[in-house]
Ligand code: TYD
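Let's start with one chain on its own, the form predicted alone, as structure tokens.
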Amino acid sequence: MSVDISNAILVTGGAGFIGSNFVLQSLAHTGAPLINLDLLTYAGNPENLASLQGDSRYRLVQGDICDSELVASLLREHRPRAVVHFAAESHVDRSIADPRAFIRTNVEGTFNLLQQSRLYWAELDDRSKNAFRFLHVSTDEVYGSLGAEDPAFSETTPYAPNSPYAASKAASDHLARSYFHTWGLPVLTTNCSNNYGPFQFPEKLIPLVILNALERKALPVYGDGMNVRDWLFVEDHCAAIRTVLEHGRIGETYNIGGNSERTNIDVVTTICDLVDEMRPQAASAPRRNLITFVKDRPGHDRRYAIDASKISQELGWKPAEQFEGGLRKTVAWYLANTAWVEGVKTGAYRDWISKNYSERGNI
């Protein structure tokens, strides 16, 4: 069954953390129909979008972005005005344990989407061709690591990826750039800082700490806990993507950041305090006592920071959420959505957490 094709957008990875927030936000703000192509691996959860059941503006297609025939058929059938490409393997630790999946999805999958989109775009009439956009969603990790006093990453910062994940995303960024410069495909690229918020799979730092704190389990912190990240509330990120999609200059890259640099240990202690406040246990010790420093990740980048002045000055976007308020909303969401949490904490998730952290030990 086809979605109403007028003004449709093809989203890849729309059942994942950022993708599902984008789908929900887009339908709420614009009403434009969405086709969601997602393989539904461990991090792709259709329950994120359960509220859209029966919505004629939305269609979920379970499939692989590496499948050329499937991608081509979806483009022919729905004739979207844009492709917004979220689908990616994104967890650094998993890329260290098994890089192959990251090369397949992030490099080969992006290549296939670009190639099929180029062939589709080339056959459009002039009006549709001029309106079409391919928005490639990427990460600040492609830029490498910053020293404590270094200026934040800008769109002209040289690439220096330090993990298989970052390298695979850097390769996909370069492919996207090449399709614009070689064939004129109207590509837009965004590079974001660390996201947090509802629906994030609990292998990542913030949801992992929230859930472990609730269960009074050890709270693993890599190394000395002084690695710095710029934190971006996922709803702000999705609003920025919609802004770039509608108003960004084709061929350009836009960095998206939250203006919220924090050390990992500060993030963890803040979560502990919030969980203590929202789920007090009078007879128990503060959850900060659960913090356990573990062996650091190989090649762990020390600091990321985003200079988002370009998107602010050109397109008028700025993050609406401050970190403390966004983190409070995030903790509250996980506390209120225990059924969702239990649904994602499968045997595969437990096996991964056990493997990744038990091998590190305490330091």
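Every value quoted in this text rests on a predicted model; they were computed, and no experiment measured them. One rule holds for the numbers: they count along the sequence shown, beginning at 1.
In what follows, reference is made to the form predicted together with the named molecule, a form of this protein that is not presented.
Shown without its partner, this chain lists Tyr58, Trp317, Tyr304, Phe323 as candidates; in the model of the complex, only Tyr304 has a non-hydrogen atom within 4.5 angstroms of the named molecule. Scanning Leu185, Leu208, Leu245, Ala171 against the named molecule in the model of the complex with a 4.5 Å heavy atom cut-off leaves one residue, Leu208. Annotated contacts: His91, Pro220 and Trp231 all touch the named molecule in the model of the complex [non-hydrogen atom within 4.5 angstroms]. Per the 4.5 Å heavy atom criterion, the named molecule in the model of the complex is contacted by stretch 222-230, the sole one of 76-84, 127-135, 222-230, 144-152.
The closest heavy atom approach of His300 to the named molecule in the model of the complex falls within 4.5 Å. In the model of the complex, the named molecule sits beyond 4.5 Å of every heavy atom of Thr269. Within 4.5 Å of some heavy atom of the named molecule in the model of the complex lies at least one heavy atom of Lys204. Using a 4.5 angstroms threshold between heavy atoms, Asn162 stays clear of the named molecule in the model of the complex. Taking the named molecule as positioned in the model of the complex, the only residue of 234-269 that brings a heavy atom within 4.5 Å of it is Asn264.
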